[in-house]
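One chain comes next, on its own, written as structure tokens: the form predicted alone.
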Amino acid sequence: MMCAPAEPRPLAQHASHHPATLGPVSLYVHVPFCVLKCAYCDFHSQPFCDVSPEEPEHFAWAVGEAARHWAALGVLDDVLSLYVGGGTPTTLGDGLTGSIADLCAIANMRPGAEITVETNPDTSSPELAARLHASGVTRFSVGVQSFDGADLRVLGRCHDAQAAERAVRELVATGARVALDLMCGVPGQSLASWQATLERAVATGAGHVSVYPLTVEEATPLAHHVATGALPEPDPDAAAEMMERADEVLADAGLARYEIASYAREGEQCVHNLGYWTGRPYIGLGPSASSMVPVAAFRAAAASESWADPSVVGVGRVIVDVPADAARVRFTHAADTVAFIRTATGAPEEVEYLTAEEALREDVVLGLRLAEGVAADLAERAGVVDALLRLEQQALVERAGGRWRLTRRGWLLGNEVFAEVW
């Protein structure tokens, strides 16, 4: 039996003492429900068949409580983007429309704010998509992964290639912006089949494509299949060749690479994801969701009654001993849906503090993911110019127009660049 939500506690005892103006903020909601757990997925989610009938409603209530908590602290005074991910949010059906409406009423959404909903072909009915778009959703992100049936079976996806193509076209027909995700380096995937997937992706009319090399995560069915020899280990060289092919095909189709894994037509770059790469504060609601805010906003939240309640597990680690030199704080909620419903406004499970110097260095590392790179003065303030000069000698980065950016070789060896800069 699903535990009922806890009674709401006072949200912000010190809400009148708002932190300094944050500027624009991004809001993320993690919906922990899906149709079926994919073979490669290690995100916190559970199949809808294992969910009690009342749990989605209780989850929606908890998300609203958490949003009101941050709104009371002034953190949601200027929300530039809302991204609802998962899991598969569209498993909630029309309940998702209501939740988005509630969030838009609680947060101060900037006019024209980007509102993205993740979906899958098997949960993207034209009727639901139309209702979501009519309610304010401006963008859909579709988990296609491949237009090849063999690849989809290896990945444990619920849809076939025809259903994926049909779903993307139906979403494009709503008038919303549409993005789709593709995965390369799948065991058994050929360069020819990858080429065909890219061409079918372009033909759907989607204005944004993200391309990810398959990673074998621990404790997933895919990891078991690889460990037992049922599937070969993904080949990183083959994945790199496929990434290069994607770069060529998508560029020829008018989708320019603006981030390591992301391509878009002009004006269709993902505003929400750009916030992650440029140091914009963000608030994550839901189990396993992460947030990143300046330390003043974190202290204000830690002073609220819901975090000070001794019944909240782990609160001592959060309230006490915030380092004096902390400038930025990243924190994550427990990957536990029932715990989130019970204590939606409670303290996070994990907290990481960054000094001002570390925050600047992080901004450089993340900014280098972007095709335009980072401003030279940011690199100077972060104290990483010597590292960049060493990388320049290895032809991994270059200087252009007062900015540092990855070379094509650096794009393929990004992790080496980021480790050196950090």
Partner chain sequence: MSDPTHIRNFSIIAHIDHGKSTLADRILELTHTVADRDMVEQVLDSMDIERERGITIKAQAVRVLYEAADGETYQLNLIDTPGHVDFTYEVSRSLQACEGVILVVDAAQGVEAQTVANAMMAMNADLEIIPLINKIDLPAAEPERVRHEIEEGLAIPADEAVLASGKTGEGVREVLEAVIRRVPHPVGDAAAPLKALIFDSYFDAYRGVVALIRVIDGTVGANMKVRMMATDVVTDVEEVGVRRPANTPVEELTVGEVGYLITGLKDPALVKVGDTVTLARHGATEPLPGYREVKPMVYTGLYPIDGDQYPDLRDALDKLQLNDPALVYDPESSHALGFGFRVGFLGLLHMEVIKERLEREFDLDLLATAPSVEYHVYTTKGEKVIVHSPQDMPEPGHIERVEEPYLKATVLVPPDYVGQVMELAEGRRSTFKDMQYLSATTVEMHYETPLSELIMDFFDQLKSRTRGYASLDYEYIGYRPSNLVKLDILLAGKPVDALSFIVHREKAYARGKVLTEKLREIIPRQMFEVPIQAAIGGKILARETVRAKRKDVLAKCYGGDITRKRKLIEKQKKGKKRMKSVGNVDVPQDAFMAILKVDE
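Being a predicted model, the structure only gives us computed values, none of them experimental. Numbering follows the first chain given and starts at 1.
As for the form predicted in complex with the partner chain, it is not shown, yet the points below apply to it.
Q: Can you check whether Arg330 is within 4.5 Å of the partner chain in the predicted bound form, heavy atom basis?
A: Contact check for Arg330: yes, within 4.5 Å of the partner chain in the predicted bound form.
Q: May I ask you to state whether Arg369 is within 4.5 Å of the partner chain in the predicted bound form, using heavy atom distances?
A: Arg369 belongs to the contact set for the partner chain.
Q: Please determine whether Ala240 contacts the partner chain in the predicted bound form, using a 4.5 Å cut-off between heavy atoms.
A: It does: once the partner chain is placed as it appears in the predicted bound form, Ala240 has a heavy atom within 4.5 Å of it.
Q: Against the partner chain in the predicted bound form, would Pro24 count as a contact residue? Criterion: heavy atoms within 4.5 Å.
A: Because no heavy atom of Pro24 falls inside 4.5 Å of the partner chain in the predicted bound form, the answer is no.
Q: Within 4.5 Å, heavy atoms only, which of Pro236, Gly93, Gly254, Gly175 is in contact with the partner chain in the predicted bound form?
A: Contact with the partner chain in the predicted bound form is made by Pro236 alone.
Q: Identify, from the list Glu380, Glu392, Glu357, Asp42, the residue with a heavy atom within 4.5 Å of the partner chain in the predicted bound form.
A: Checked against the cut-off, the match is Asp42.
Q: Please identify, from 192 to 200, 259 to 267, 225 to 233, 153 to 161, the stretch that has a heavy atom within 4.5 Å of the partner chain in the predicted bound form.
A: Of the options, only 259 to 267 has residues within 4.5 Å of the partner.
Q: Can all three of Asp77, Thr97 and Ala134 be found with a heavy atom no more than 4.5 Å from the partner chain in the predicted bound form?
A: Zero of three within 4.5 Å in the predicted bound form.
Q: Which residues, if any, of 399 to 417 lie within 4.5 Å of the partner chain in the predicted bound form when only heavy atoms count?
A: Heavy-atom contacts within 4.5 Å come from Arg409, Trp411, Leu412, Leu413, Gly414, Asn415, Glu416.
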